[in-house]
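Here we start with a single chain on its own, the form predicted alone, put down as structure tokens.
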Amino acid sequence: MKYGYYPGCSLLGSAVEYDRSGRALLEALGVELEEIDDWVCCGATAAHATSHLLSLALPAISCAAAEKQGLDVLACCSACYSRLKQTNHDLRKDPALLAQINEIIEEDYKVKPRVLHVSEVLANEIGADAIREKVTKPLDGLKVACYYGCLLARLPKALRIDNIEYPTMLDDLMAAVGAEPVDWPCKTECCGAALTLARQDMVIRLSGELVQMAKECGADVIAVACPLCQANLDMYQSDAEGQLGEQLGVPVLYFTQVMGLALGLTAEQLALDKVIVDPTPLLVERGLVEAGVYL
């Protein structure tokens, strides 16, 4: 099982723990990743707010490179996945638009590769049964609030990854490694996303309310699939505590980090030291990591 890996900008910078934990988890499950040759930024929100053609051309460059390598595309970042998948959807249904984009990027892209999110690969290509067989440290009793955010299950015509109102794919993956998914109402509520610079006050309020709700619903940790979501819920948690007048202290981990713990991957492999709200006390108490190993 081999895929063309699209790390995107965040996973090689601010979300390096997502990159490292994702690679380690997939390797443990027998998945081979080949980084896409000369991939470029997907454009994220900036491109499609500026130019429709630019928003398609940037993802098409990377998808065309994967096509040359004969590989489907695997992305971890929800924003990257959304842009790559939406582009392929638009180009497949509009031959004239495809011809225009090919002229712009100077390629003969035929839109052959599938674009898959890492959770899709885990849930649908590998499957829960195969994942359970690899579990060495079941996460029994660990209550996880899976946070999908705005992008992972939205744009249903293009993505079709899960139920847009109440997705369960990440919950099912948590259950496969022995954790207890928390039933909570904020799975797809917005954390403020890229408003972190323009309206930091709004981001602190929204992300704080999300963490507060997860805690009220009994979550030990929050599992995310988006670098912006992770940054907002983790980085601004102390600021949110000041606004809310209560201590939150809920670790915000990538779902690949949580799954990796169950497969016996080390704290170093999962880059747990990159998380701001310290998960160490909880994980040591559950016997999932050793005290003092990485901090």
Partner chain sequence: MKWDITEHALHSEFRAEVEKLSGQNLGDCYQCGKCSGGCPVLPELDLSPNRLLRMVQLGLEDEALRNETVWCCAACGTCDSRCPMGVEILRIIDVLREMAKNRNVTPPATAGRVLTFYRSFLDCVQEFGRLSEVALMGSYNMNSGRLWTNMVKAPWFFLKGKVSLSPHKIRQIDRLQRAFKRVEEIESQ
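Positions refer to the first chain, counted from 1. Not measured: the values here are computed from a predicted model.
This protein has a second form, the form predicted together with its partner chain, left out of what is shown; the following refers to that one.
Of 105-113, 120-128, 173-181, 69-77, which is the one stretch near its partner chain in the predicted bound form, taking non-hydrogen atoms within 4.5 angstroms as near?
Only one stretch passes the 4.5 Å heavy-atom test: 105-113.
Report whether all of Cys41, Ala47 and Ser51 sit within 4.5 Å of its partner chain in the predicted bound form, measuring from non-hydrogen atoms.
Affirmative, all three are within 4.5 Å.
With the partner left out of view, is Val250 within 4.5 angstroms of its partner chain in the predicted bound form by any non-hydrogen atom?
Answer no; every heavy atom of Val250 is more than 4.5 Å from its partner chain in the predicted bound form.
Verify the contact flag for Gln243: yes if a non-hydrogen atom of it lies within 4.5 Å of a non-hydrogen atom of its partner chain in the predicted bound form, no if not.
No, no contact at 4.5 Å.
Heavy atom of Ala96 within 4.5 Å of its partner chain in the predicted bound form:
Heavy-atom contact with its partner chain at 4.5 Å: absent for Ala96.
Considering non-hydrogen atoms and a 4.5 Å limit, does its partner chain approach Glu34 in the predicted bound form?
The answer is no: Glu34 has no heavy atom within 4.5 Å of its partner chain.
Of the residues Lys215, Lys137, Lys134, Arg154, which one places a heavy atom within 4.5 Å of its partner chain in the predicted bound form?
Flagged contact: Arg154.
Using a 4.5 Å cut-off on heavy atoms, which residues of 204-242 contact its partner chain in the predicted bound form?
Those in contact are Arg205, Leu206, Gln230, Met235, Tyr236, Ser238, Asp239.
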